[in-house]
Each structure stands twice: as structure tokens, then as C-alpha cells.
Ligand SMILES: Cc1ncc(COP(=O)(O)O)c(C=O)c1O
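What follows is one chain in C-alpha cells, specifically the form predicted alone.
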């Protein structure tokens, strides 16, 4: 086997630089919460493949399910029906919120966005406008890029994009410093749409509003929920004007936030729900979900996918769901989430931005999020970079997010142990003390 240097040289020569890699690690293997490099150095992975490996890297039962399915049937495309595809659709119907009971399987989150746009255009003919939220990430295909606003770099070079995309601010209530400020902020969010509909966009021309219930790339920011339930507000707005409501749960779905889907924190059911990432334990799989009577309006052949919902990915997903239910993984998500918030609140009182009082405390970091989708916001991106590099030196992998790169995202596997969680947050704390506290 070649060494790390040789692999990286071949990588630079033969792989497109368009796909950026965060760390110069050549992974020899990955297991549980760890990635191992060519020298068998173990790195604690607090990214889980960017919120993909819900039960850890290469979970033995998921790997076995993949192997068994591969021995029977790897690929059929749309030539025949097969059990795993049907069984997974059936299982998802029992897990999804409300009356969502029908799915179209694809390969990725971006593909689910593209397919949803097609479905919406069939369901809402003559309505050519979409509304998305500033800071959102919906994928990198051309149509999904048109809806993505988390960073201008994702859109650079690709104009003109899909027409009819209108952008409203994602209401980040975590800018508030006190409880009364947050209440005032959340009560003002209606103005976004009042102004838009009064000045430039007739609501009857809008086909759909899309939102990530918790912004992913945009900074791990939950939609407002404390004084105003923003998703409920959007549901009522859409019902009033005949607009479809789409929840992009590609990153926040599959127990990432402590519930099967983030929308459950808000008690709101969308018209269309998008899934991928954590759906299948590391295999390529995405899904568009809606009610059967709506999905049935897509004529046969109006959309398709050669590999979407292939038997191997579907078997992996079924095994993943079985493990989550059997092993009460949601309880671990809640416990580890509390561990993280409690740790930083003890070190930096007032750092838990999910709970505000009138006694504002200045802290070097602010934490927000649900479950194990936690954003740690720093005062500037330079400090974020230094803490990330310090963690890497100590064999912990962290990724930044947010438009300005000043947020560390914590998205480990949902089965991460108490000990590994403590290891990660202790190292983050040491980095903050070294680079921020000591210089202030």
C-alpha cells in the first residue's frame, strides 16, 4: 500500500480540486466515532461525514446488511420492483410527521430538491415563484444552487440561475442578548413577508416556500420557536395563500435534533419533506416525501433516477432505523446534548443561547441547537480557525459553518459515548482558553 504522501500526490494529480477536503488525512479505515489514518492515528470525528453516519462509521450491523444485500442484488434500476425499496417506503410512512406517506427515492439531498421543484411545478401550474431563506443550503446541482444562499461562493460563476427565486431573511433570534430582546425580535418577523407581499411579490404567484427548520451550512441556527413558532407561522401563511411548504430536513432529519425530524420540535407538518444524509447510515440515498394524492399527480416517467433507492442503500437504511429504535439512540442524543450545553454553561455562564434571561452575560462563545446539531458561535472566524486547528493537533475533527465561518458545528454520530463527548468539548474549551481568554 502506498503511503500518505504518495496518495496525496496522486489525489492532486487526478482528482478535481472543486471538491475540497477539510483535512489532509488519508483514511485507512473508520469505525464508530473515529477515523484512522495511514499510520493508525485515531481522530475523533465530530462531523460524522457532515451529519451522515448516525450510528457511527461502519456500524457492523449496517455493514452486514449491506454485504448480505450485495450478495443477492445490487442494482435493478426501474426495471423491476424489489422488497427493500418497498419496505423502506413503508417504514418511512410510519415515521414521518402527519399524513406524509409517499416517497420518491433518489441519491442525494440536492437531487431531492430538484425533484421537489419538478413536483411543485406540476402541482402549482402558473405559479412561477419560490421563496427561500437567506443563509440556507439546498445543494449544488444547478436548480438547488439557485435556492442556496449560505455563501456567495456556492453561486459564483453559475449565473443565470433558476428564475423566480425570492429571498427573505432567516430570522436568527439568537442575535438577541436578553429574553425581552428575543421576544421583541420574534414578534417582528412577520414584517418580512408583509413587506415582500406588499411591494414586489404577489402571494398568488408563489408556488412554494422552502426552509431548513435548522439552518445547516448557514450556521446551525434553529428557526424561532420560543415566543413565535416560525414554522407554524409559515404553515398558516402557506395555507392562507395556497402556497406549498417544503421542509429541507436533509441535515436535520433522522434523529439529528433529538427527534426523528426537526419539524417535530415545532409541531408542524409540511406539504413536502426532503431527506438524505443520515437517512441510510453512509450509503447514497435521498428522498422526497409527500402525501400519496399529491405525489400521484407526477405522471409515470416525469421524473426518474437510475440508482435512486437502490437495494443496498435501502437495506442499510432499514437496518439503521432498526438500530435507532432498538437501542433507544434518541435517549443518548438527549443526554450527550445536555452534556455539551451544561459543560459550556458551567465554564462560561450565559453561553447557552437556548436559554436567555434579562441578566446578559458576555461570553467568548454562544451555543444553540437541538440534540446533536449544535452550533458554537465565536466572535470572529479567525478564532474559529485557531480552535479547529488546535483540535486537529489533538486528534479531534471539527468543521466550521456559517456565512462568515465563525461557527463550529458539532454533529457527531448519535451513538457517541459520554467519554468521547467529554474529550471533544474539553479540547474545544482548551482552545478557547488558549486563543481567546488568554488574549482578552
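A quick note: this is a predicted structure, and the numbers were derived from the prediction, not measured. Positions refer to the first chain, counted from 1.
The discussion below concerns the form predicted in complex with the named molecule, not included here.
Undergrad: Looking in the predicted complex, any heavy atom of residue 110 within 4.5 Å of the named molecule?
TA: Close contact exists here: in the predicted complex, residue 110 approaches the named molecule to within 4.5 Å, heavy atoms only.
Undergrad: Could you tell me if residue 250 has a non-hydrogen atom within 4.5 Å of the named molecule in the predicted complex?
TA: Residue 250 belongs to the contact set for the named molecule.
Undergrad: Since only the chain is shown here, I'm wondering whether residue 336 would be in contact with the named molecule in the predicted complex (any heavy atom pair within 4.5 Å).
TA: Looking in the predicted complex, residue contacts with the named molecule do not include residue 336, since no heavy atom lies within 4.5 Å.
Undergrad: Residue-level question: is residue 137 within 4.5 Å of the named molecule in the predicted complex, judged on heavy atoms?
TA: Within the cut-off, so yes.
Undergrad: Using a 4.5 Å heavy atom cut-off, indicate which stretch of 151-159, 82-90, 174-182, 242-250 touches the named molecule in the predicted complex.
TA: It is the stretch 242-250.
Undergrad: The named molecule isn't shown here, but in the predicted complex which of 133, 315, 256, 277 has a heavy atom within 4.5 Å of it?
TA: The residue in contact is 277.
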